[in-house]
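Coming up are structure 1 and structure 2: the same protein chain in two forms, each one given alone as structure tokens.
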Structure 1
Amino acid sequence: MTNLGDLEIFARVVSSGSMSAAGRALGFSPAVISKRIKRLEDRLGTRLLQRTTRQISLTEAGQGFYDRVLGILTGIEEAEAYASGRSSQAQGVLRISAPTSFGRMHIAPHLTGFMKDHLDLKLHIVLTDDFTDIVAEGFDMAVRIGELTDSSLVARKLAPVRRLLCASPDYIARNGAPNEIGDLARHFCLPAHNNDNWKLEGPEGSLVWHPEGPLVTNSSEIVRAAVIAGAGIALRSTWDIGPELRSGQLVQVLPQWEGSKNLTLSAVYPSRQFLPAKVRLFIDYLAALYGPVPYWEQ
């Protein structure tokens, strides 16, 4: 019969990329790790890890097995938390992946509020703009901005995402404001990294504009700084430049045009029959925080 420890060890070996490292993390000698991986492979009749003495890689069977094992382990964690009566109470470690800018501006400031209600919970937050495979990377959930797709994940909408064209008053004073969409051709535009093309919706329907400008970067933080500094016109989300619009550091241009509306801010997590309390609570917290009309829209 399968030993659960073998699965934990296997998962740790994969996530740490080495048997020795897994052994150190779990408090076992390398010998034990090696033996139990071998035993697991023998029982399954398959090689899970392709190993040289210096590095380890997953076989195809190993990859699929690993994805499943992660689900099983968190399932067990959740079942034990439930039975231990800590079901409605968050406990353990909550691993979250979130976009860098949004995470810094609209998650980080609210974390303390969540943590003080859940003292037994540790948060691991990774900010990245890569669309990581949350199940393979071992995340409990991710906050994402994008179109809702993704097969095996459940998405819960947190807020709509509005994107506006904007520039600094300074820039407008120097270059004038565009009156119609074609005027953009005579302006400095600041494309952001993963949407080189601007999908815009206006009174006359939708349109794709290819922005051209002096600055190309993969960092939306740099675009943000550049537009505030008066470098040109950018298409920015309201959550990103809401305060600047209110304070007058930025003004909207071509207000009849907005970014295409099929973007949403959502929380995604692996589909599971029983969602761990920590995940449910955190998503509820975010949803309540942003509400139907997020504070950055008001």
Structure 2
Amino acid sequence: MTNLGDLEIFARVVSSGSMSAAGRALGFSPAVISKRIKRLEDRLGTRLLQRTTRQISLTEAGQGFYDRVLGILTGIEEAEAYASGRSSQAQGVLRISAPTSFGRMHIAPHLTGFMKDHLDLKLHIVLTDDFTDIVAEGFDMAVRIGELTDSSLVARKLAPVRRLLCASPDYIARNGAPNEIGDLARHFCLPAHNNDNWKLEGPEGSLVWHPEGPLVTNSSEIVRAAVIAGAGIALRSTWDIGPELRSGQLVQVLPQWEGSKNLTLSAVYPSRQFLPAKVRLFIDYLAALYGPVPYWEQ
């Protein structure tokens, strides 16, 4: 039977991206890590990792093995927690991926209460607007905004996401307000940071609008600042611009058209089976915090 320690070493090498980093985390030298990986590969009769002087990467067999090893290690962690009476407690390190702006605005300000309740848990939060492969990159869970699709991951809806078209009063004073959807062709439209088309729903049903404007950026926060400053019309989420709408810095345009109603804020994680307490407790915390009608809509 394969040594469980070898499985943990293999998983740590993959998640950290190098044998040196895995060695530092586990307290072994790179030579020991390499020897243990080699022993695992010899036992399995297949190469799991491709090694170069600069990096390592998973082979096809290695990727499939890694996906299954994570489930084994998670199950062991849950079994140990259950046997020691800690199944309702959060311990260890919780690795989370979340969108940059949402994480800054609606996760970071609320972490203190959760951390006070779970003193034995360390949070490792990475903010990124990239679509993170949480299994390959070693995350326990991710917070995502978008339309839920079929996936090997499990998703739990945390809150609805409402997107609307908006502009500053100064922009409207200079350029007028669009009266119908076709008027957008004569306005400065600010594309999203990922250059996605605008998926809209209105009196004529659903449509996809390709916004074209003078600003292209990979930063959602630059788009946000630009629309507030009067650079054009943008499609933004209410969680992002709620204060500006309430203060009048932004106004809704074409209110009969809004973003797709299929958008949700969700927590995703690799498996429903043997869900670690630390993941479950944090997801429950977010679900209670946002609720079916999130505070930014009230």
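Note that this is a predicted model, so its numbers are computed, not measured. Reference numbering: structure 1, starting with residue 1. Take the two forms, superpose them, and find the largest set of C-alpha atoms that agree within 1.5 Å; that set is the rigid core.
As for origin, structure 2 is the form predicted on its own and structure 1 is not.
Superposition of the core reveals a Cα shift of 2 Å or more for residue 33 between the two structures. Residue displacement note: residue 21 has its CA displaced by at least 2 Å between the two structures (rigid core superposed). After superposition on the rigid core, displacement of the C-alpha of residue 10 between the two structures amounts to 2 Å or more.
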